[in-house]
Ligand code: GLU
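Read the single chain below, which is given as structure tokens and is the form predicted alone.
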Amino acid sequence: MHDNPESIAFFATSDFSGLVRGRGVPVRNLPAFLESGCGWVPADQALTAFDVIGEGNPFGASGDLRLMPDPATEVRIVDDAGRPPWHFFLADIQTLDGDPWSCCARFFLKSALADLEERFGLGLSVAFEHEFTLLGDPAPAPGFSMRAFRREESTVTAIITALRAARVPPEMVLPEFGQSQFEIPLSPAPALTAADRAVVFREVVRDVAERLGRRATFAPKVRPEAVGNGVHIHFSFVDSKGRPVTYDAEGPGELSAPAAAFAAGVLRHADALAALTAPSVVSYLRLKPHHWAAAFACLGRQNREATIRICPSTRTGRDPAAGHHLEYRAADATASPYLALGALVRAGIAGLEENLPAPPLVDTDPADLDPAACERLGVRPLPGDLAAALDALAADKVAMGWAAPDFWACYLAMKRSEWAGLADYDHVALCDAYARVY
């Protein structure tokens, strides 16, 4: 079945705000647009989530770019509601000369993955876990319960059906702790594919919920007292032949030396990373002690208060190397998957470059440790708000080398404008504002 020639295909980019923006082209002219892309504007990258152009961004009103669709990312979903087919491509941002634009979030991830492979012979298998809340259900149900699942099963089933049509395979569906909160882990995939799927996932969930008269939000907090929505990034390493190389029975936490060095790099740069993985004002209402949300930089086995959790697989009848992996927990869906994963890879590469030793294992709640134990184990709290995280990023000379100066000038200007624009909001107003956008 072909689209009506008057229908539209959308070229989409996940930008610095973590939102998906872009332009539509007529399907009748799609072959030409697949070759040439369509126009884009540098200052679009400086838009906050609230549609304010970040003050002090390096672009102003000047410049032109191209959105270049990746044909491998095409999504086309036909529903039975009489709407046009939902047809879109994820796009890279290029200069008019056809080169990757230095401020393209997808290129940021691509270049980090290329360095990881070329310099260390390592690839990443990645799975994103998203938590989201379906708003508007007046009848509460117990957390994790069958009742909570059945109450929303028709909506969740429609979401799963649409995800499969979009070639975004879910691994399972979990009713979560919060009211009308769900978690859907995606199946592992090569890192770029996993990030692409994470972008598509969020759009599909929101679209299906809206079509059914509901509203889905991925905001880190829906209400100040509510359970938060996070994004957990699971990752493991493979060698040049695709063999798993995260596991070492003799290593601390059964981690191989490369996996341990990578984790150590992530923890060394965790403060700067927070500005990219938990990049909204409301993110820091979630990153609190005792919230299972990674308020402290540390590594732990099966410790959901740690920034990085070692996740062993079941050992019954299986090779333990097959499922042994790490989980980065200090992330949420106000971050672009490309920026979050790309920054994670860059921090890990820094650890590999220095061959850092394995971080100490923290297998208790880090908030319960006394100062001497924190010093001995290298445990420290993550930044307490977005402004502190942005300052940590700007002060981290290694992190500032992960991308071009314009990249950071744009990102910091945009995020500091977001912070300033919400300075007068109380916590209730903050949650409402982000729940509407994300």
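All residue numbers are counted from 1 along the displayed sequence. Quick caveat, the model's predicted, so the values are computed rather than measured.
Just so it is clear, the following notes concern the form predicted in complex with the ligand, a form of the same protein that is not shown.
Only one of these stretches, 283-291, 342-350, 364-372, 201-209, has heavy atoms within 4.5 Å of the ligand in the model of the complex; which one is it? Partner-contacting stretch among the options: 283-291.
Heavy atom within 4.5 Å of the ligand in the model of the complex: which of H324, R197, R106, R329 fits that? Just give me the one. Only one listed residue qualifies here, and that residue is R329.
Quick one: from D92, D271, E152, E183, grab the residue that has a heavy atom within 4.5 Å of the ligand in the model of the complex. After the contact test, the surviving option is E183.
Residue-level question: is G265 within 4.5 Å of the ligand in the model of the complex, judged on heavy atoms? Close contact is absent here: in the model of the complex, G265 is far from the ligand, nothing within 4.5 Å, heavy atoms only.
Just checking whether E176 would be counted as a contact of the ligand in the model of the complex - the rule being heavy atoms within 4.5 angstroms. E176: contacts the ligand in the model of the complex.
So, P337 and the ligand: in the model of the complex, are they within 4.5 Å at any heavy atom pair? P337: no contact with the ligand in the model of the complex.
Although the ligand is absent from this view, report whether R304 comes within 4.5 Å of it in the model of the complex, heavy atoms only. Contact check for R304: yes, within 4.5 Å of the ligand in the model of the complex.
In the model of the complex: members of 216-231 within 4.5 Å of the ligand, any heavy atom: V227, G228, N229, G230 sit within 4.5 Å of the partner.
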